[in-house]
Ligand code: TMP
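Single chain ahead, by itself, as structure tokens, in the form predicted on its own.
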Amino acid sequence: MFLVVDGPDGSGKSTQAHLLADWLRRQRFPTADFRDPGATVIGEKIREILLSTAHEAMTTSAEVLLYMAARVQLWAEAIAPALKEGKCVVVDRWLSSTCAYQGYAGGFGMEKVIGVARDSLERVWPDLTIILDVDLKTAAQRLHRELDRIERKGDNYHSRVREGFLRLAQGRPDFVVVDATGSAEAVHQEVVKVVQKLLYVA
């Protein structure tokens, strides 16, 4: 199974992706977990470019193409081979992020983002995308570090990011929205419940 944990900055998605991968391993599912962008040499270099505060002049269109380039490399180098080996794959962010951030909040257009993905990726959507939903105040309190270029875009932008995620998930059976305002363990238990339904794990 190809599983994605996504959501706004400060939603706890990286923590929840790691917890989910660890839980799957404890259930004896062979599991690989990655982050998007990243997890490959090329992907990590693209990630540095995208998040560096030195690149404030970057356009939204350039962001879309760079995120997609990193994703294509991640799929070819890591995700596709892991799936062929019969592993569960857990990814921290995926196309849903580009739809919410650049497509919706950035004004590029979510359908246009999906179009670029269809032209670029062998597989566009995972089996399940878990969206961690959190309000801006809670999210901001969780970012205890220097903010990257995307995180610095301001409350209005990040409010639209949250709205973009929720709009993308509406009416889709392969998306589940989980309230992420609770503790890491409480949110993890909710994520596990969602995944158990998909994997038929008692």
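Numbering starts at 1 and runs along the sequence shown. What you are looking at is a predicted structure, and each value in this text was computed from that prediction instead of being measured.
Beyond the structure shown, there is the form predicted together with ligand TMP, which is absent from this document and is the topic of what follows.
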Quick check on Arg162: any heavy atom within 4.5 Å of ligand TMP in the predicted complex?
no
Although ligand TMP is absent from this view, report whether Asp36 comes within 4.5 Å of it in the predicted complex, heavy atoms only.
yes
Under a 4.5 Å heavy atom criterion, is His188 part of the interface with ligand TMP in the predicted complex?
no
Close approach of Leu166 to ligand TMP in the predicted complex, 4.5 Å, heavy atom
no
Candidate stretches 146-154, 129-137, 173-181, 54-62, one within 4.5 Å of ligand TMP in the predicted complex by heavy atom:
146-154
Could you pull out the residues of 38-75 that have any heavy atom within 4.5 Å of ligand TMP in the predicted complex?
Arg47, Leu51, Tyr67, Arg71
